[in-house]
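Read the single chain below, which is given as structure tokens and is the form predicted on its own.
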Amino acid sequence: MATRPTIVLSRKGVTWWRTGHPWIYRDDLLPGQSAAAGDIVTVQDEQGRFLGQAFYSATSRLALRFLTMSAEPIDSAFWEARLQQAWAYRRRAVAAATAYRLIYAEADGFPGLIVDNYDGHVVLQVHHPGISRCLDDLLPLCHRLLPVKSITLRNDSDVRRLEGLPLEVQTIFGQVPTDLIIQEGPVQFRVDILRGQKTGLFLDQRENRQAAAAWAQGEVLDCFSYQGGFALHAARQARRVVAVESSAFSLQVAKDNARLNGLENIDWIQANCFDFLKNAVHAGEHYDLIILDPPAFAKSRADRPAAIKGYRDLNRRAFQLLRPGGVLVTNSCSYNLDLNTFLDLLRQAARDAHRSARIIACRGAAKDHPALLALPESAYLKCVLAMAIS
């Protein structure tokens, strides 16, 4: 193994390291230590015992992201083995879809890297200078593994600022088609990988969209519809779908997607979802299936009180609008709101709506977004299906 800079953990840091969590914060390092941004460093305790190898951050509070607990060489062969493992898993985990997540950061052993594949059009999000330095090894491996048509860097996430990295979007290989269409089960989507949210589509909700559609009948309400993912799946089963979204751009993409799929039973409404739900309750409307998929309300611990109130208000209105026997599919992508807290606020929302409900399922992200057991932050998405029984 090449000689690398050494970083020593404090006793508190070693205690945290023993939990298996792959992140070490700067407060858990002995003072006075540093390395260059993105360096691979050897990590030791105060007695000089080897603890592993990690990417080093020179600017973020999150100082170390572990790559391995062993002393193995970190070279092209190291990355190829991990990429092959990620690809082998996706071949088993993904079915009936031409768009999926190939690499999910630490859960696949690639700290700070997201790679999504849209039918051969590969999109990368690089969130750490360490993994950025490894792209010269990784990109040829992608070409060998997949029939790559284009490669785009969607490096426009604000998290890059924490690492002192510039924001940019650029296609570095091939050409991105102006009309990229992917298949998700029975539904097709047009995807804009240069301007769409995340890398173009919320791939983490793929399996939840299909699970929700299994309960679609009669009248369906889809709030925070974005580009119509849940609505399009539900419309294949329901008599009528009302899809509400505040963004005019997203709503136009959703309408185009509906035309692509030949679906004419969706009413597209541009509105604030909080206001729409409030007005629908006052108007005495009712639905057989309601889907809530809001953006993250709790991006930090400080946001939790306001987030809990916001989620509770949304779900209270939804319970008021459900017919008996109707199903609520409610989501939270806020890591800072755990599942138990989310279930508790749902209980409060049902109580405040004077409804009784039973849980049908508690789901997470699609299987191509596996959560790392030692990294609870990777299990961010909660999708709860609840049926109103009175």
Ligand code: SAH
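When you see a residue number, it is the position in the sequence shown, counting from 1. Because the structure is predicted, anything quoted here is derived from the model rather than measured.
Omitted here: the form predicted in complex with the named molecule. The next part is about that form.
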Could you work out which of D108, D116, E163, D293 is the residue within 4.5 angstroms of the named molecule in the predicted bound form, going by heavy atoms?
D293
Sort through R317, H121, H127, R209 and report the residue having a heavy atom within 4.5 Å of the named molecule in the predicted bound form.
R209
Just one stretch in 201-209, 252-260, 85-93, 166-174 has heavy atoms within 4.5 Å of the named molecule in the predicted bound form, so which one is it?
201-209
Looking in the predicted bound form, any heavy atom of A97 within 4.5 Å of the named molecule?
no
Contact of L141 with the named molecule in the predicted bound form (heavy atom, 4.5 Å)
no
Can any non-hydrogen atom of S157 be found within 4.5 angstroms of the named molecule in the predicted bound form?
no
With heavy atoms only and a cut-off of 4.5 Å, decide whether A307 touches the named molecule in the predicted bound form.
no
Residue by residue through 165-193, which ones have a non-hydrogen atom no more than 4.5 angstroms from the named molecule in the predicted bound form?
none
